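Shown next as structure tokens: one chain only, the form predicted on its own.
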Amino acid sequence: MADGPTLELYSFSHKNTSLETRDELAFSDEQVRRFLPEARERLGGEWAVLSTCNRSEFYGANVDHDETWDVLADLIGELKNVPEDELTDPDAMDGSEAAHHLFRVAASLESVALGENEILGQVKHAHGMVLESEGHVSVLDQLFQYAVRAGKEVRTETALCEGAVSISSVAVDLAEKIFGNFRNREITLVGAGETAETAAEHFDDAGADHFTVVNRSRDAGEALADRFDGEYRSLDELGETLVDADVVLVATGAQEPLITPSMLRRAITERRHNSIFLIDVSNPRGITPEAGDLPSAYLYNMDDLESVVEDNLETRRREVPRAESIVDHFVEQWERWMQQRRVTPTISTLARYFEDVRQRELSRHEGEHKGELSESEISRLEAFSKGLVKKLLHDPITNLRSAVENNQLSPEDLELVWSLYNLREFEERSDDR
């Protein structure tokens, strides 16, 4: 019996793998292009790789091998130069469990930051890599189509991905609410570390196009400024820099506040009381709290931002049941599609079996009555036998398809059909002809 399409998954993620190992297992596009044909060569079937900052996952369909992971581990080790004994055991799933996992990933239910949006684009990219590869990829093509659709529907039908849930993105959202947009707005970053860099990325994504970096170290400050076509200034120039700034983000490790009320008061006077948005994500604080009491100054510190993050996270958490329901719906569609793929070979073989019986019986009848039957009678027998076979097949085929549509078809049902008509023996005879 043709068992129909199968699906399996081997997953390394933040849930089961250290950051160091995840870094080692991160696949570039070129490595994926090398992996896919090699996996097909060694294991058969169809293969896909989903590689992000927090996961490397390997999806296989129609793989017929007794030691899939051992072979896969060898291949990964060769491509990534990671000794097999250093690879932790992946989370292994198959069938609907594997599909359910991918759909949750696409819906951002498996992300470190619940509801983050980047993962859907990464799933789309992995799908594109599958389509670029050579060979038959119909099962994984369909799987990733369902995954992308599930991810899109979660984003349009729920609030799971709404509201920023990182300090930097919250800061950008709040600033955008004050200014409307960042076109021709001056963004000043005090500090040039990872936090300032992440914030700059969020501002850049939101449309900011004027950056100034103020930093103690000239090299680090210029490097960050150059990345965003901005300008570097030293800490000694901070006061005059505030005069032109619309948004100021302070992210340093200085032990004393860098922006004081008196410094800010002078800047506000020179800027004719135009609004200035201050974001303090330093520890200890980089802006004296009293600076927020000045007119035209809007000051947010870590406590303020973390409160917004928590509120947004709580909103996202409340959306999880609705998102899970959407994912479950697409898993049902996937299962129905898989069942359809499994039942199609059975229907095709059953129809060929009946046709073979029909033709053999016609030949036998014609042979027994050779010369007794006219062309017209033979033609009528042909038409009669075809009609009879069609009617005999109607109910079995209709019921099989209906069982698929209603998600009621079990492997045992298909096994019974194959056993009742000895379809395996029939296939073997057909192959020998």
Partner chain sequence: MQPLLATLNMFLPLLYAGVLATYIRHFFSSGRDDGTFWGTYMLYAALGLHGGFLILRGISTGHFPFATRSEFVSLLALSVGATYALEELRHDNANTGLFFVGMVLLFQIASSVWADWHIADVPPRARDPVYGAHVVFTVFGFAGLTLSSLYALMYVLLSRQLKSRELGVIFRKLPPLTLLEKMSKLATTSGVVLLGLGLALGHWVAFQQFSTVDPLRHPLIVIADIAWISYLIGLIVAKVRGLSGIRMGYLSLAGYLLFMGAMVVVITQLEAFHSFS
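Predicted model, so just to flag it, every value in this text is computed and none were measured. Under this definition, the rigid core comprises the largest set of C-alpha atoms superposing within 1.5 Å between the forms. Positions refer to the first chain, counted from 1.
Not pictured, yet referred to below: the form predicted together with its partner chain.
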Please identify the residue among Ser275, Ser217, Thr344, Ser363 with any heavy atom within 4.5 Å of its partner chain in the predicted complex.
Ser275
Could you tell me which one of Gly239, Gly292, Pro257, Pro90 places a heavy atom within 4.5 Å of its partner chain in the predicted complex?
Gly292
Would you classify Glu231 as touching its partner chain in the predicted complex, given a 4.5 Å non-hydrogen atom cut-off?
no
Quick check on Ser296: any heavy atom within 4.5 Å of its partner chain in the predicted complex?
yes
At the 4.5 Å heavy atom threshold, is Glu314 in contact with its partner chain in the predicted complex?
no
Whether Ala223 contacts its partner chain in the predicted complex should be assessed with a 4.5 Å heavy atom distance threshold; does it?
no
Heavy atoms within 4.5 Å of its partner chain in the predicted complex: which of the stretches 97-105, 148-156, 325-333, 354-362 has them?
148-156
Scan 174-199 and write down, in order along the chain, each residue with a heavy atom lying within 4.5 Å of its partner chain in the predicted complex.
Leu174, Glu176, Lys177, Ile178, Phe179, Gly180, Arg185
Does Asp293 move appreciably between the shown form and the other one, meaning a CA displacement of 2 Å or more on the superposed rigid core?
yes
Cα of Leu264 displaced 2 Å or more between the shown form and the other one, core superposed?
yes
